[in-house]
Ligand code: LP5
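Presented below, as structure tokens, is a lone chain in the form predicted alone.
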């Protein structure tokens, strides 16, 4: 039986050592028993560029992923809004295959669409405009030309601003837009959809043009470790022991 695991929104950083240890245990335990591990963005609290591998913490996380890949579990990665600057250096260090967003793949003979999920939150016009700017080649080139320390300082400032803005945004505006979800499902042939970003784990069904489509939302790793396990029998949420 082919087994695929899915995780997202771990936001790993040195200030959350318990979750980091749980992730390392997951890589050396459940993930080794799987055929594939898909990381759907925001693995790190932030990634300031591939020269971030000079940080011992980042290098250690990538080395743990590379060890998993070397042992036979296929590791794939879709960038999130926190780690969209991950590039070929990250891929080489982690042994991960870099997937586009969205990525349509086959999981146990079921067409499955993988996304980080932020583009589904189309009601948040301010965020979508910001995303369009920072994902441009011009912005990326200018930003990566800055010294690493300056990039980190700017990212920290953006994170603080984002957290403040979340306090005044409605919960609905930060969730997915149903019409956008339907459009995405329709344009990819009505697959199963798996994504993260919203931090609202749930199993949804969508009726689109007479097709019933599953949507699985991955949870974050702030309270506990968790993952989605999919095989020939379907998908189910799995919770890791509390750190």
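Positions refer to the first chain, counted from 1. All values derive from a computational prediction rather than experimental measurement.
Note that the form predicted in complex with the ligand isn't included here; everything after this is about it.
Does the ligand come within 4.5 Å of any heavy atom of residue 163 in the predicted complex?
Flag for residue 163 set to yes.
Residue 154, heavy atom within 4.5 angstroms of the ligand in the predicted complex:
Flag for residue 154 set to yes.
With a cut-off of 4.5 Å between heavy atoms, is residue 91 one of the residues that contacts the ligand in the predicted complex?
No - in the predicted complex, heavy atoms of residue 91 and the ligand never come within 4.5 Å of each other.
Flag residue 103 as yes or no: does it have a non-hydrogen atom within 4.5 angstroms of any non-hydrogen atom of the ligand in the predicted complex?
Contact check for residue 103: no, nothing within 4.5 Å of the ligand in the predicted complex.
Tell me, which of 137, 126, 145, 149 has a heavy atom within 4.5 angstroms of the ligand in the predicted complex?
Answer to the contact question: 126.
Quick one: of 73, 81, 112, 76, which gets a non-hydrogen atom within 4.5 angstroms of the ligand in the predicted complex?
Of 73, 81, 112, 76, the residue with a heavy atom within 4.5 Å of the ligand in the predicted complex is 81.
With the distance limit set at 4.5 angstroms and only heavy atoms considered, check whether 46, 158 and 197 all reach the ligand in the predicted complex.
Yes: 46, 158 and 197 each sit within 4.5 Å of the ligand in the predicted complex.
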